[in-house]
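Here we start with a single chain on its own, the form predicted alone, put down as structure tokens.
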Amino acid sequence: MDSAAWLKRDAASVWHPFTQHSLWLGDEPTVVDRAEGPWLFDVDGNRYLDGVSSLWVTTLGHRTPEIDAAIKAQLDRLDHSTFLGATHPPGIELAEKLLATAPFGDGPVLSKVFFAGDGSSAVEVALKMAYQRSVQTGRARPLFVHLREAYHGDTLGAVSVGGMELFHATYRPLLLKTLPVSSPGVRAAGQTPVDRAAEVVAELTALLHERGDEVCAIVVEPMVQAAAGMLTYHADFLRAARRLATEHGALLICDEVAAGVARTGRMWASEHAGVVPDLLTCGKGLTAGYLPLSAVLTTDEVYDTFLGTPASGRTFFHGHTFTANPLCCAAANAHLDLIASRGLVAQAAALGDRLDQLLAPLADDDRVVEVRRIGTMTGVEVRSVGERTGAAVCRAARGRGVWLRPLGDTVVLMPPLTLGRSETELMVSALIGAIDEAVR
């Protein structure tokens, strides 16, 4: 069956995420049939370089033999077991491996892992932990501080600490009360990242001076606001957020769902600032894109506030049916082993440097507003020449054999961390050719 036949069936029965279906068929979506390494193949036999790692998750490309084998071996032993009143070796091993990779330094020590299902659910866990911890340490603090332009997922708690009006405005009447501060990644013309960080730190300092005793946590995407268009910011802001959270008795939540697991050229984006959060969320690439799994890393200080008798009400009453599914954990364990054995963090940093070199000509291109990058997380903001310019660039890139996705008029490059030299050159040359075609 060819693409046209599949798309007809799709249009009759499927509602896709983040999709305006009045435009769906006009965009000629790809019907993916199979994948191998960094390549996607559609049902018509066309091949595309997966330039966004299938929405930022396939860190090693597709069909990695070691992860295939780990999932198959686990399937021969245990497909699923509840994590309520039971445990299992893959879950225990994964918690140990995550903690062994966790950022460390002066301040808190990440020492416990709570498993969730996807990025949004991990953020929900962190928010609930932070609030309940405030209740159980003597005073309920009902407010969260977060950044404008933030994106932390699509469940209502995660939306509450988001700041992208296109996604979130409709739901504001349903949401938690929060205190937003400006994005350190949005700079005025000519403003340096250091100066912008100082400006937002001053805003955050003033806010906490006035209302800090009501705040249970400060929520940030460390170093880059990904869904906002790869808005990068200076580490000074993250260091100040850590200091101010401590000064005001609040927790620092670093949402590393997008930026964690080597994407920024460090295992965790927080490491760029030498910061250890009280709660760290991770997901997306945790299983190398094989299966949905996320986690929240936290400290003994937070964990201990939940200890007590059954009658104390201190239990964390949160979880889901598939918490720490053994197949998901097996995939993540194999992935973390490969990150270590292949030196993938350094490899990601080197790939980021190569992207920087190849994209350098766009820095002075009048059709490009800005190129933003940290590690392999790259956004190329093109000048709008009408509605959906970013989408037009991505369609043109697909015609050149590279599959990309836009965030508004920002075209995202986030390839597998193992991408080879020739494939990297193909991806960037296809993007530049697509800009030539679509932005006139």
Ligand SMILES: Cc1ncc(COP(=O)(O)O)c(C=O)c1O
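Residues carry their position along the shown sequence, with the first being 1. If you're wondering where the values come from, they're calculated on a predicted model, not measured in any experiment.
The form predicted in complex with the ligand exists for this protein as well; it is not shown, and the discussion that follows is about that form.
Novice: Just give me the single entry in 118, 365, 236, 149 that has a non-hydrogen atom within 4.5 angstroms of the ligand in the predicted bound form.
Specialist: Only one listed residue qualifies here, and that residue is 118.
Novice: Only one of 242, 141, 133, 284 has a non-hydrogen atom within 4.5 angstroms of the ligand in the predicted bound form; which is it?
Specialist: If I apply the 4.5 Å criterion carefully, the residue I get is 284.
Novice: Does the ligand come within 4.5 Å of any heavy atom of residue 258 in the predicted bound form?
Specialist: Yes, contact at 4.5 Å.
Novice: Using 4.5 Å between non-hydrogen atoms, is residue 153 touching the ligand in the predicted bound form?
Specialist: Contact with the ligand, yes.
Novice: I need the one stretch from 141-149, 250-258, 354-362, 316-324 whose residues put non-hydrogen atoms within 4.5 angstroms of the ligand in the predicted bound form.
Specialist: Checking each option against the 4.5 Å cut-off leaves 250-258.
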